[in-house]
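Here we start with a single chain on its own, the form predicted alone, put down as structure tokens.
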């Protein structure tokens, strides 16, 4: 791991400078994480989680351009712009919502983050915990029903240096909210803990749509209490490298988690979409739907894994991974997994990889639709299957 630390020494120095005024307890946590990096290996293809991603792209620090964002077009009631230092709120802050800089949390409010699978492969997560210098703590009070109130969290971090962001999203008991995350580009290592209280409901949409060289590595940990319901829809397009990891834990019974993803890779971009769901309690439901399209020389890795513990009866799991190749040089690797240690479970998983159906294309063209439009119609129909919210 010394090699990675040497390669990232400038980022380490920058992070230390940006966090020099933070509380001592938080600086100590980051120092401990930095020390633990010696026990981690540099991401490489021998690792299960990096087997189908070119980790060498992590060293790409070429000039990175970003999408021009017009906040007025985001259709949000409140925009939270996360910058390399602090954040900016655009719009009226309601009294039921609290947003603060991540370093303003008290020590007893800190939510721990631990990878439950392939722990020693999570060097980027550990690096984030050692170097994060930006992020927000967003809290929704109990008993606040605001499903129609849209909060846009915009990562305005398109700089020619690595940016490390850590967020807390804490949704109170019996509360509802909609959160849209928008990534503008850059070199970003982003982590977050999502904590949903009893009977809480969240609809979350993520847009990571890059038309240029951008690298985004993310790790999101979702903790669901009794009757909590989280629906998350991910749109991931292009970029140099996107490597996403979601970890979902059911902390009580009768909770639901649904994740849909649309992954589109072209050129030489690599996208990894990994979801691990841990059914440790009874009567919980998880659904994972991926629709991926690879073109050019791009590469996509889809992995959905559900681990059902002994005694977690009446769990329901569904994994549906479908993929389309648009060129001979594109590659897709698709891996649904079930690890079940109890009897009373309803589980289904499936994966397909193929090309656009030629007979369907011919049928559309026979009805007067040109080849390009027919192809676009089929792709649009294909990705629409992943919509969960």
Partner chain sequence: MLNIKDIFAKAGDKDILKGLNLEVKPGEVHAIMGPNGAGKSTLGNVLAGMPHVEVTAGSVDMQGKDLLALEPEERAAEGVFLAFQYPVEIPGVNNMYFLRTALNAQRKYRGEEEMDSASFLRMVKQKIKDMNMRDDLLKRPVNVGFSGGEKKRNEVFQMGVLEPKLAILDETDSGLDIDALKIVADGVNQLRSPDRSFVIITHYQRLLDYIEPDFVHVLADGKIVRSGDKNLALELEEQGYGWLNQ
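Residue numbers count along the first chain shown, from 1. Given the structure is predicted, the values throughout are model-derived calculations rather than measurements.
As for the form predicted in complex with the partner chain, it is not shown, yet the points below apply to it.
Between the partner chain and the residues 59, 341, 359, 28, the one pair within 4.5 Å by heavy atoms in the predicted complex involves 359. This chain is displayed alone, yet in the predicted complex one of 381, 24, 13, 20 has a heavy atom within 4.5 Å of the partner chain; that residue is 381.
Just one listed stretch, out of 360-368, 344-352, 323-331, 36-44, contacts the partner chain in the predicted complex at the 4.5 Å heavy atom level, and that stretch is 360-368.
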